[in-house]
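A lone chain, given as structure tokens: the form predicted alone.
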């Protein structure tokens, strides 16, 4: 299991960029400052079951810190009702006004979120990003898996299922979200390398299961000879699977999903989906909180914490069912 890929920058540089006071470098060395309590705010992209898993991991980390140090850790989880950058920025603004010990964010739009993140830094509030990338010119710790690797795993699996021949479609999530856009780009690149694979459509579901179902139904009606699907977000394959069942195309249209939502696992067990290329949201929440806590102690943290990807298949799906 890959846990940390760290390229550590100069101590004073990363502490300054995270807004940690120089007093954190205590005489005993980095990471020795202790507080009786910590409060971290977690701001995901949207209300979504995938982010519930992130919150679960964050709560687990809070309990672990309490058990090991005796310090209380409060996790405040605040999700936008829709995948809207303005809503997300408002939540971050409100969090800044409460002066938490850190803010953990999955960015909807790095350029659109940049100003409010800079505001947090200017006020000395550390930030950790998960399942996202840094806005241009910023150097925050990121936690998550390799987006391109995850998409390549799914695309290559679908190509194998189709024996290298067929018409396929890609379901995009939120177009401005860097992880969704990168997965779609990398899946397209894999398909482009195979002459027998033709990408005939791309849907946009904005990380919403109902929208994904509607998009998938319309695309399959317009392309009755479609052979397979991949997705760029966790909601997409769940909606696609529902559309496949409604169209009575189970076994006729192959689906390689994304991530490990309970609905996705059911689709695999039912044979509606072959498999799913999954990141580890619970682990992302866990290590995001651990990183925030480490920053609060004055420790030097890595540029990136890699939580890895795994392929869920009928052979191992039961081990992912909670």
Partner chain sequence: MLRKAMGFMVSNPLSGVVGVLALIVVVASLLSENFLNSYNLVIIARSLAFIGMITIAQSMLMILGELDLSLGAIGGFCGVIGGILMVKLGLNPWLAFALCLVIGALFGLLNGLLVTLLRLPSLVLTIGMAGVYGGLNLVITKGVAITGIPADIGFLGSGKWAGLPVPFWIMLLFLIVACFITLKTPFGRYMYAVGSNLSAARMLGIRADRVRLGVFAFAGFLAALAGMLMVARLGSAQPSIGDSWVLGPIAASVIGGVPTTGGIGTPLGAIFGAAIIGVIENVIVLLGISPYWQSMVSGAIVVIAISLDSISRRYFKRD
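Computed from a predicted structure; not experimentally measured. Numbering follows the first chain given and starts at 1.
Below, we turn to the form predicted in complex with the partner chain, even though it does not appear here.
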The partner chain: the contacting residue among 161, 219, 190, 91 in the predicted complex [heavy atom, 4.5 Å]: 91
The listed residue (198, 72, 119, 225) that reaches within 4.5 Å of the partner chain in the predicted complex by any heavy atom is 119
Counting only heavy atoms and a 4.5 Å cutoff, which of 208-216, 127-135, 234-242, 103-111 contacts the partner chain in the predicted complex? 103-111
Looking at the partner-bound form in the predicted complex, is residue 48 within 4.5 Å of the partner chain by any heavy atom? yes
Can any non-hydrogen atom of residue 84 be found within 4.5 angstroms of the partner chain in the predicted complex? yes
Within a 4.5 Å heavy atom cut-off, is residue 156 in contact with the partner chain in the predicted complex? no
is_contact(residue 52, the partner chain) in the predicted complex, heavy atom dist at most 4.5 Å: yes
Select from 93-107 the residues with a non-hydrogen atom within 4.5 Å of the partner chain in the predicted complex and write them out in sequence order. 93, 94, 96, 97, 98
